[in-house]
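Presented below, as structure tokens, is a lone chain in the form predicted alone.
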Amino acid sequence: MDKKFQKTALRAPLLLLAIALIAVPTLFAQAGARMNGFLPTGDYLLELDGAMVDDAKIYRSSVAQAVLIVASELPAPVLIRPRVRSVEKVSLLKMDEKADGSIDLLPNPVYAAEQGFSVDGSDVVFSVEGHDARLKPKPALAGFQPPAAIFDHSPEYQQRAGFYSPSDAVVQALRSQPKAVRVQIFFGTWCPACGQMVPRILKVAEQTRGSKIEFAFYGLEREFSGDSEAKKLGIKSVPTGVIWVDGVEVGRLTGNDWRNPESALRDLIGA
């Protein structure tokens, strides 16, 4: 993610930015249509009447261009659609939960409209049956983190890792190579590109577990110019992977490397 984009990300309300980044021509101009592909996201926290809601589950659909909020404290699931600035209550009977944890909304899911939302700094502010609610950006995951902590913080990473299928031949080559390799991944849970690409290297790390390749994942805040680990290694953008072989840096994963990170890694270490 380049510096110009990082500055834009810092200024924009996170919800609206995230929807805009993944915007595609919508097939759901009418509220009565089926809305597909709501995936769990760890980007937000829900506050209701001034208290954090611990059991809130928040889903985002790039297809429907909407956010779905489910919590026991809410009178009903809530659908937020930024394009039309609407806040609507959804019937539980119209929620089709899939085996992979995603949710589709069956036709005519909305049974009541609430007042629209407003934006207060980086918070999305709305009300549901008189209850004041805020959708707040979740603090970034920072420092060295095991994969389990990343998945817990950002469940979409685990889902996308499950969708990715590394090359079996390349994974086998990585598993059998004899050199001591360290791969350190710098990422930001706030970074859309990281959300798409880092799950791929997490899947590669899982499939090469027990080999001579060691993976480390380091989370960065949105403004990371002062982070000591990033400064030490000259990290200017995320995601970036730094690779050492026998203690000597041999290259970095950047740009298009992330499309097939296992192949880029194999080429850098000569496996």
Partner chain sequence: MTTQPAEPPRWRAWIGTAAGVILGAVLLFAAWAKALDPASFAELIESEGLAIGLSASAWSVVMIVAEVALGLALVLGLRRLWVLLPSAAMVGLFVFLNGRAYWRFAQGIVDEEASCGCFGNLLSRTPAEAFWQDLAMLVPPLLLAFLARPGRISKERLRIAVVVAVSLAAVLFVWKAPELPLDDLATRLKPGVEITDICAGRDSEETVRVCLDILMPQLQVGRHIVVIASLDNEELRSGMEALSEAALGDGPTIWIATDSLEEERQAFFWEWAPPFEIREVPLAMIRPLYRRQPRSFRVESGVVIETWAGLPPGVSEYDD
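Predicted model only: the values in this text are computed from it and were never measured. Residue numbers count along the first chain shown, from 1.
A second form of this protein, the form predicted in complex with its partner chain, is not displayed here; the remarks below concern that form.
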### Message
I'd like to know if R209 sits close to its partner chain in the predicted bound form, meaning any non-hydrogen atom pair within 4.5 angstroms.
### Response
no
### Query
Can you check whether V90 is within 4.5 Å of its partner chain in the predicted bound form, heavy atom basis?
no
### Query
Does its partner chain get within 4.5 angstroms of any non-hydrogen atom of V53 in the predicted bound form?
no
### Message
Please determine whether A112 contacts its partner chain in the predicted bound form, using a 4.5 Å cut-off between heavy atoms.
### Response
no
#### Entry: Every residue of I150, Y218 and L268 near its partner chain in the predicted bound form, heavy atom within 4.5 Å
no
### Message
Taking 4.5 angstroms as the heavy atom distance cut-off, pick the stretch from 118 to 126, 172 to 180, 96 to 104, 139 to 147 that is near its partner chain in the predicted bound form.
### Response
118 to 126
#### Entry: Residue (of A230, V63, V245, L48) lying close to its partner chain in the predicted bound form, criterion heavy atoms within 4.5 Å
V63
## Note on the structure
Contacts from 39 to 58 to its partner chain in the predicted bound form (any heavy atom within 4.5 Å), listed N to C, are D43, Y44
